[in-house]
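Consider the single chain below, provided in structure tokens and representing the form predicted on its own.
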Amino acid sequence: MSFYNEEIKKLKEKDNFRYIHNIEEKNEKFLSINGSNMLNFSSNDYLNLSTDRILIKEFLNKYKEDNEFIFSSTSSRLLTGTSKSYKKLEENIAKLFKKERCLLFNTGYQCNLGVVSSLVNRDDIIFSDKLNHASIIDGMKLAPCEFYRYKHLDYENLEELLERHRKDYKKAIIISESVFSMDGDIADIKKLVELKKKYNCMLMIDEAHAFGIYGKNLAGISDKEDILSEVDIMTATLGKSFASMGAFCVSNNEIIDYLINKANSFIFSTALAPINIMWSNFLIEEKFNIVKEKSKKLNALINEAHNYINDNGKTQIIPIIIGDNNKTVKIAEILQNQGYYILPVRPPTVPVNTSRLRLSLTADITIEEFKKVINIVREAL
């Protein structure tokens, strides 16, 4: 047996083997898999915009004759893969975040990878939340500097590390997500701002799971807390709430110019398809009222859902931690058999012995549907 087959066998024995599901169609808050129509509780399409046929039809009818309505940029931004739509989208996003500049990347992974790996040198240091996304971790591994991972949301531990190590390095960056993708908990960004000022650091916040949902401009938790100006570097994705493709970094002119020249994942990638850029601009410039209405609807559901399960959560991501891999898989199968598309999340995505069901609330799900899922899980447990 080859090395690869041996590793695959081990994954299957531990109930850790992953495969691509046979999703045949998506329609509003439902999807069809293996011929069965299921309510989708595993989506990051938080505002249910990706399958809004009315919006899609309006967009197509309005822009299908536009010269930029094409399906590939065919080049990197630094060659010929750019146009006025890209500049317009970057300006629109920068305004939402009240920052000088924005730079588009192809994916959230490429964005964090490029930003984190390029902004530091050998005499710099990074302090990162232990549960930050894999894109941030991989960016740190590529970066030519030391990094420390503080205990999740433990700002005493972060300050201990800052006191011990900050003085030995030139630049320092503190990095955290705002809403954490697997636990649904929220960073104390005001505390992080306090520590970054005290220890002369830059602060980077990933708003991927908060952009489009929270804040006056829907720019995320930093916007909700009214401290956008205090965060030096912010990243987020257009592929979740905004139902498009791509990601971005917002910051000052100096940082963005530096990334254009140093971030390999930007420099060496064919740019996003113009049709996606146009769709993102369409939602921000012409349909932002609909985005806000959907966000308001989702926030009402979030409050009702957390009240029902009587916990302290505040976001659209609700983890039900089972622990054992096999038990988690079996409960997910029970839910799927009853028409709810909920997937088991297992290591290495989450720490060992914390396998879970990750319920992802979207704007068009009802509180009654959520209650039915919770009651099935309670009975299964």
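Residue indices: 1-based, along the sequence shown. Fair warning: this is a prediction, and the values are worked out from it, not measured in the lab.
Beyond the structure shown, there is the form predicted in complex with a small molecule, which is absent from this document and is the topic of what follows.
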Spot the stretch among 137-145, 299-307, 175-183, 268-276 with residues whose non-hydrogen atoms come within 4.5 Å of the small molecule in the predicted complex.
-> 175-183
Name the single residue among Asn264, Asn157, Ser75, Thr107 that comes within 4.5 Å of the small molecule in the predicted complex, judging by heavy atoms.
-> Thr107
Heavy atom within 4.5 Å of the small molecule in the predicted complex, from candidates His133, Lys196, Lys294, Lys224, belongs to His133
Taking heavy atoms and a 4.5 Å cut-off, does Thr237 contact the small molecule in the predicted complex?
-> yes
Would Ala208 show up as a contact with the small molecule in the predicted complex if we use heavy atoms at 4.5 Å?
-> yes
Looking at the partner-bound form in the predicted complex, is Ser280 within 4.5 Å of the small molecule by any heavy atom?
-> no
Is Ser251 close enough to the small molecule in the predicted complex to count, meaning some heavy atom within 4.5 Å?
-> no
